[in-house]
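Taking the form predicted on its own, here's one chain by itself in structure tokens.
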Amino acid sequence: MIEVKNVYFTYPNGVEALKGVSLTIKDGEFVAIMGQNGAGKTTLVKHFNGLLKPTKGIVLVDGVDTRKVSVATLARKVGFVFQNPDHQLFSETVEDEISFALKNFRFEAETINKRVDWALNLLGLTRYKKTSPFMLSGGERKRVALASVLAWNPKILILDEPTIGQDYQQKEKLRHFILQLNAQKKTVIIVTHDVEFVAECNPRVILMSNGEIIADGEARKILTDPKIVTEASIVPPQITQIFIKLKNYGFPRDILDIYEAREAILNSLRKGFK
């Protein structure tokens, strides 16, 4: 469990990025943190693994105060994939990158080899095993960074803008994998502007604005409320926008994806035939 209790955070330049944030993320939850640039999203999640320490307030991870332990200690439990993979990658080959943390955590050699091969295969990186990460595209480097964290199987996974640089096929693979992890009771937290991706995943959504949480609830409730999303400066999913306009014709407003849209239209047609 992650507990954030009345947390404030001010950067050395004087910018107050978090202003009295409180929330609880239970084990096994899938959470999307959303909001405009500068809302405090990334600042908040960097408190979950100790990269940042509260200026005021407390962050607890499984009851442990993050101010009193090192990032290395928290990293075994909390895996963090940065928005920019170049802030995370440093090894000469993709294989070395993925195995680095496993070696630090003192996994046995046989286990390391198996975990590296598993992560490479999972994210379609096997052919780049001996390639420098810096020779890859931005999207591929993003997948290497993800693989390097997934390899040690952390209990909590934080993904900062995971869909940036990914094509539709890779986004679908990522979505299915996240849902699979969540089904396995892993805690998954994503920071994202990709409202369409969130709509298809349908997690718990936390909206932030100016360093504060302004809404917290199911994606269906949050993303289909025009007033709330406007306040957070995000745009509802395209399907939702259409059905908001059709609500006066008897259609439900809380439609998140094309499958629900199809069912709503079929239900309307069935009523018309009666």
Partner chain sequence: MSVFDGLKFRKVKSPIHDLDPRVKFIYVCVIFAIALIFWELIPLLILFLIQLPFVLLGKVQRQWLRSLRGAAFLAIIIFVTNFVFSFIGAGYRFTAESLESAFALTFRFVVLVESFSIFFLTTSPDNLSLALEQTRVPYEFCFAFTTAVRFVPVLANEAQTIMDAQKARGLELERGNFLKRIKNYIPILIPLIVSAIRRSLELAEAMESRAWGATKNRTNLYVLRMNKNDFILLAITTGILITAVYIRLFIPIPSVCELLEI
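Positions refer to the first chain, counted from 1. Bear in mind the structure is a predicted one, so any value in this text is a computation, not a measurement.
The form predicted together with the partner chain is left out here; the points below concern that form.
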Quick one: find which of 76-84, 169-177, 193-201, 119-127 has residues within 4.5 Å of the partner chain in the predicted complex by heavy atom distance. 76-84
Listed residue (L51, V235, I58, I214) with a non-hydrogen atom within 4.5 angstroms of the partner chain in the predicted complex: L51
Would R106 count as touching the partner chain in the predicted complex under a 4.5 Å heavy atom rule? yes
Any of the heavy atoms of V71 lying within 4.5 Å of the partner chain in the predicted complex? yes
Any chance K186 has a heavy atom within 4.5 Å of the partner chain in the predicted complex? no
Classify H47 as contacting or not contacting the partner chain in the predicted complex by the rule of any non-hydrogen atom within 4.5 angstroms, answering yes or no. no
Pull the contact list for 111-135: residues with a heavy atom within 4.5 Å of the partner chain in the predicted complex, in sequence order. F134
